[in-house]
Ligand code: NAD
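Encoded as structure tokens, the following chain is the form predicted alone, with no partner shown.
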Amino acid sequence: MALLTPEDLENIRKQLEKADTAVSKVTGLDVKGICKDLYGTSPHYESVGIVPVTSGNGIIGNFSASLNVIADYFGFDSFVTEMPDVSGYYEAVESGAEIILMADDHTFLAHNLTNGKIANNQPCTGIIYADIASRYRYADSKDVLVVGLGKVGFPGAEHLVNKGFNVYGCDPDKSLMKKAIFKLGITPFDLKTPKKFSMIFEATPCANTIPETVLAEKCLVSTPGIPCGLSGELQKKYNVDLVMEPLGIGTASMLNSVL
């Protein structure tokens, strides 16, 4: 969560609506529909207690309020506790929360107190953004490129492999590449190779990671990355369909996964 800034979370509802429209355009389903297909769940106004956490680098401005907006947008009944940390956790439970949402510098989790299910935001984010990429209406093959194979990218790549896609992957970290090749059987890919993809899942914290050499005309880039891995210039030049939103889509995936 340390990569997010208050500015990233400004006008979060408008960002959600824009992203939801983009997802519907490229897949035929909105985010709720994709979550239902992924997890077989739909929210029914479950109570979500959002607990601010002050440890580490402290509370990110707008973060708890943004989670409140997101949970409400996707059909949950949410509230932010007045107290942070352990006191906030106690307050949430005492107030009847069925699901707890909380994050520190390392982990953002959802914990369903009624069924015991718990989820980490990183794999849930990777899975849903990869799934969005896999559903691209205008894809011309089963080939999909994954840029970044860390805590978000690896689960997304695994999801794509399990769905039967031909997954090409790249990461500057050789140990992450070795793990993905050995455990998932992905095809290692050099971004300098002039191979075009109609589906790209990008999961890095770096700008401009996607070069022109891999962009097919009218392709999809699905990315939770901050900053965006695709330049505005290339997006316009290749008429790229871009799905990118800083927090809400991954949070929706996480919340639905614990229902």
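Sequential numbering from 1, following the sequence displayed. Keep in mind that this is a model prediction, so the values were computed, not measured.
A second form of this protein, the form predicted in complex with nicotinamide-adenine-dinucleotide (NAD), is not displayed here; the remarks below concern that form.
The site on the displayed chain is open: nicotinamide-adenine-dinucleotide (NAD), placed by C-alpha superposition from its pose in the predicted complex, has no atom within 2.4 Å of a backbone or C-beta atom. Although the partner is absent here, Gly153 is a contact residue: one of its heavy atoms lies within 4.5 angstroms of nicotinamide-adenine-dinucleotide (NAD) in the predicted complex. Although the partner is absent here, Gly88 lies well away from nicotinamide-adenine-dinucleotide (NAD) in the predicted complex, with no heavy atom inside 4.5 Å. Although the partner is absent from this view, Thr204 contacts nicotinamide-adenine-dinucleotide (NAD) in the predicted complex, with a non-hydrogen atom inside 4.5 angstroms.
For the chain shown alone, Asp140 is not a contact residue for nicotinamide-adenine-dinucleotide (NAD) in the predicted complex, no non-hydrogen atom being within 4.5 angstroms. At a distance of at most 4.5 angstroms from nicotinamide-adenine-dinucleotide (NAD) in the predicted complex, none of the three residues Ile12, Asp37 and Ile132 contributes a non-hydrogen atom. The stretch that touches nicotinamide-adenine-dinucleotide (NAD) in the predicted complex, counting heavy atoms within 4.5 Å, is 118 to 126, out of 178 to 186, 74 to 82, 159 to 167, 118 to 126. Interface residue among Ser198, Asn68, Thr209, Ser47 relative to nicotinamide-adenine-dinucleotide (NAD) in the predicted complex, by the heavy atom within 4.5 Å criterion: Thr209. With contact defined as any non-hydrogen atom lying within 4.5 angstroms of nicotinamide-adenine-dinucleotide (NAD) in the predicted complex, the contacting residues in 165 to 197 are Cys170, Asp171, Pro172, Asp173, Leu176, Leu191, given in sequence order.
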